[in-house]
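A lone chain, given as structure tokens: the form predicted alone.
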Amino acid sequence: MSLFQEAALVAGKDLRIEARAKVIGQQIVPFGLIVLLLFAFALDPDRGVLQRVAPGLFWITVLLALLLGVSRSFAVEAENGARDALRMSGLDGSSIFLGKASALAVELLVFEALLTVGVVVLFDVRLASLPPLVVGTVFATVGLAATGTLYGVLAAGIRARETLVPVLLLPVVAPVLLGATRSWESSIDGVPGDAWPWVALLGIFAVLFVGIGMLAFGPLLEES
């Protein structure tokens, strides 16, 4: 099989597990909506505060969902020796990384689509310029999924991985939070010219960590 066929095999396996468990629909999506509701109650909507901070709140919620997704992805494989089976499957480490990152990216995109509806409805946000917003969201999601998958396997063999992954991951994805928030702000304000440089930054970050993950995931998986 080719690299991408192996990646599709791994991604399909992860997506089928999540589809059967229904974790996204029953846990992660309600979690995101609850976070938005809490912010809606905590901030003053009459002064336009919600509209101004909506992009930042959106991406902070996505980061929290990423942590849940990464922890679940590797916790499932820790059961019944599934990680050992993955090591001995003969699949290339790069294809395993691409498959797991792709599955996580798909899950995040579904979550983000539903969360966007929640932001528009609850915060009364108007999305003025869609192209940079959509492209920036895709690049940011790919970067987050790649980074989360890489740091997830790095901490997979550690007993305190639930608390270690956020400590390791959040500082690294700070540029994504900054770039995605700024691109969303410019898109909402209807100034796409200001959004595209941030979109380019998100694209560079995504390419960088996909490349690093493809090189490093295999050795890290063997050590986990």
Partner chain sequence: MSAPGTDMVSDADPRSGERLMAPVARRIVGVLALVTLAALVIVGLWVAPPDEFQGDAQRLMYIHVPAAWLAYLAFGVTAVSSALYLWPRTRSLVWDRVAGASAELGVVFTALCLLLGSLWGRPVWGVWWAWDARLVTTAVLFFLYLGYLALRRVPATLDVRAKRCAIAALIAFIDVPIVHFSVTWWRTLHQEATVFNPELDAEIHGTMALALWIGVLAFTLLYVYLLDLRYRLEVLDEDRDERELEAAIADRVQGGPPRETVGASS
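Keep in mind that this is a model prediction, so the values were computed, not measured. Positions refer to the first chain, counted from 1.
Not on display, but discussed next: the form predicted together with its partner chain.
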Q) Of these, 49-57, 32-40, 169-177, 62-70, which stretch puts a heavy atom within 4.5 angstroms of its partner chain in the model of the complex? A) 169-177
Q.
Would all three of 97, 112 and 119 be in contact with its partner chain in the model of the complex, where contact means some heavy atom lies within 4.5 Å?
A. no
Q: Answer yes if any heavy atom of residue 197 is within 4.5 Å of a heavy atom of its partner chain in the model of the complex; otherwise answer no.
A: yes
(Q) Given that its partner chain is not shown alongside this chain, does residue 201 nevertheless sit within 4.5 Å of it in the model of the complex, heavy atom to heavy atom? (A) yes
Q: Using a 4.5 Å heavy atom cut-off, state whether residue 123 contacts its partner chain in the model of the complex.
A: no
Q.
I'd like to know if residue 3 sits close to its partner chain in the model of the complex, meaning any non-hydrogen atom pair within 4.5 angstroms.
A. no
